[in-house]
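For reference, the chain that follows is the form predicted alone, supplied as C-alpha cells.
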C-alpha cells in the first residue's frame, strides 16, 4: 500500500522526534580534520584503534549550549563557553592512557592546562581537592597539587582532531600517570573543595591514588 506524501512526512517527523534516529546520525564527529599519526618522532595510536570505557555509553553534548561550571572554593565562579575555553593558551603533549584492565594507547593531546583555566577564578588558600563531574553522571577527583604541579590539561583535541564524542567531547582530563578511570570525560562541572571525595569507581573500592603501576584497589 502506498503512503501519501503527507502521511510519509508525518511518519518521518514522529521518528525524528521520538529519537529513533541514532545519535551518530544526528551528530557528526570531526570532519575536514587530518588525524596525526606521529608527533615528535612518537607513533600515535589511531583513534579507531583506541579502546574506551564509559558507564552510560557515549554522551553527545551540543557545542553551542555547553557551559563548563567552575565553582566551590574559588573567589569568582565562572561558566565558560566552548569558544571561551578555546581562547585560552593551548598546550600539546604525548601521553599514554593506561587502563586498570591492562590495555592502553598513546595519543597526542591538545588543550588548556588546568592551572591556566582555574587562574581567573582565584582558588582559595584552603583548597586541597578538585572534583570533576561528567555528563553521564560519572565523577572523580584529584589533589589540587597534582593538577597544578604536573601541568595536567583538559584536552579538546586528540591526535590533532577535535575530541570525538566517544572520546569525551568537549573536554577530557589528561590525568598523566594515573589509571584511565581518573581521566574524566564529558566534563561539565569542576568543583574546588577542601574535603576528601570518592568518585564513581573509588567509592566501589578502586584506589583513589590510581598511580599507574600501583595497586588497583584500596588496601
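Positions refer to the first chain, counted from 1. Quick caveat: nothing in here was measured; it's all calculated off a predicted structure.
Absent from the display: the form predicted in complex with a small molecule. The rest refers to it.
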>> If the cut-off is 4.5 angstroms on heavy atoms, which of these, 151, 69, 52, 194, is the one near the small molecule in the predicted complex?
In response: 52
> Tell me, which of 136, 120, 143, 96 has a heavy atom within 4.5 angstroms of the small molecule in the predicted complex?
Replying inline: 136
>> Whether residue 157 contacts the small molecule in the predicted complex should be assessed with a 4.5 Å heavy atom distance threshold; does it?
In response: no
> At the 4.5 Å heavy atom threshold, is residue 174 in contact with the small molecule in the predicted complex?
Replying inline: no
>> in the predicted complex, does residue 105 come within 4.5 Å of the small molecule, counting heavy atoms only?
In response: yes
> Looking in the predicted complex, any heavy atom of residue 186 within 4.5 Å of the small molecule?
Replying inline: yes
> Hey, of 77 to 85, 143 to 151, 112 to 120, 96 to 104, which bit sits against the small molecule in the predicted complex at 4.5 Å between non-hydrogen atoms?
Replying inline: 96 to 104
